[in-house]
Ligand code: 13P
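In structure tokens, the next block holds one chain alone, the form predicted alone.
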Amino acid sequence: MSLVTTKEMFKKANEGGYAIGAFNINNMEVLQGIVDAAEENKSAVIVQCSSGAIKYARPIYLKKLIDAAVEDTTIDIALHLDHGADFQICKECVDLGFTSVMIDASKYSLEENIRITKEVVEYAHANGVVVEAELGKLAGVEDEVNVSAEDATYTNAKEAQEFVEKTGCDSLAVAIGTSHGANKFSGEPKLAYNRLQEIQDLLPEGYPLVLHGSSSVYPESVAVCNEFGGQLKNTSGVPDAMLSKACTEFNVCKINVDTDLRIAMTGGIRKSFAENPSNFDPRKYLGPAREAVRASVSHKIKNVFKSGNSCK
């Protein structure tokens, strides 16, 4: 097998009424948990690296881990840069062998966002790489992304139409109420499906939309963390049913998950430490943590994104 772009993945997802999970990695165990779950369910998968992950693990290490995963599986895997802040990091990832990059210039004016995104699109497309862009701002904190609730704005449908036409980006991350981190809603969870419909109506038929900040922050996973010494408070996430509706009724072809994997892994490690305080073998606590990640990803694929058997 070899790395693929998301173009064919999204075409199949749109036609089949499901979404491809895009899961963030920082180390080998998280990657193995993701890929094992995707293989188990015969699902295509997007493995993505944030700029923070790249700085932490170093680009060449991450790329070699991905290469190993591709050799070890039979599924379609796309390697994606998550929240690339500028042209330079997008170029570096294209040159390194990523098959998809995201340029996030959403903090700028519409005109500047268009200019920067178009520059990335031109370079990426010339090298056979697809581009995701973002319009609108999601609240929350994740790695180097930090947007206050006051600054968060829903994506404007007419601006989205202009943006896609002028940049030529291959998919668009939209803001409809999701947010980064483990504290997504101060009240009842709510997504603006009407805004999603408006955007969809003005874009080309079948155009792939993306949801960021879409971890469900499962109470059971939070409870495991807190039972064994964690202090996760006032957590809230996007309910599974809301995510399923977005991918089965609208053109949402990619849904990002990071926080759920962090919580699952941290809970697994905390539990191992508490139950085996004399253990100092990393394999004995990273192994259970890897299994927790696998179980979380498998649940997403089977029950939420409905992408199982997309590689059959």
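Numbers for residues come from their place in the sequence shown, where the first is 1. Note that the coordinates shown come from a computational prediction; the quantities given were computed from them, not determined experimentally.
Beyond the structure shown, there is the form predicted together with the named molecule, which is absent from this document and is the topic of what follows.
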The named molecule in the predicted complex: contacting segment from 62-70, 276-284, 28-36, 255-263, heavy atom within 4.5 Å = 255-263
key: P239, G136, G181, G230 - the one with a heavy atom within 4.5 Å of the named molecule in the predicted complex   = G181
query = Can you check whether S215 is within 4.5 Å of the named molecule in the predicted complex, heavy atom basis?
reply = yes
task = Using a 4.5 Å heavy atom cut-off, state whether S43 contacts the named molecule in the predicted complex.
result = no
request  = Check whether Q48 has any heavy atom within 4.5 Å of a heavy atom of the named molecule in the predicted complex, and answer yes or no.
outcome  = yes
query = From first to last in sequence, which residues of 225-242 have any non-hydrogen atom within 4.5 angstroms of the named molecule in the predicted complex?
reply = none
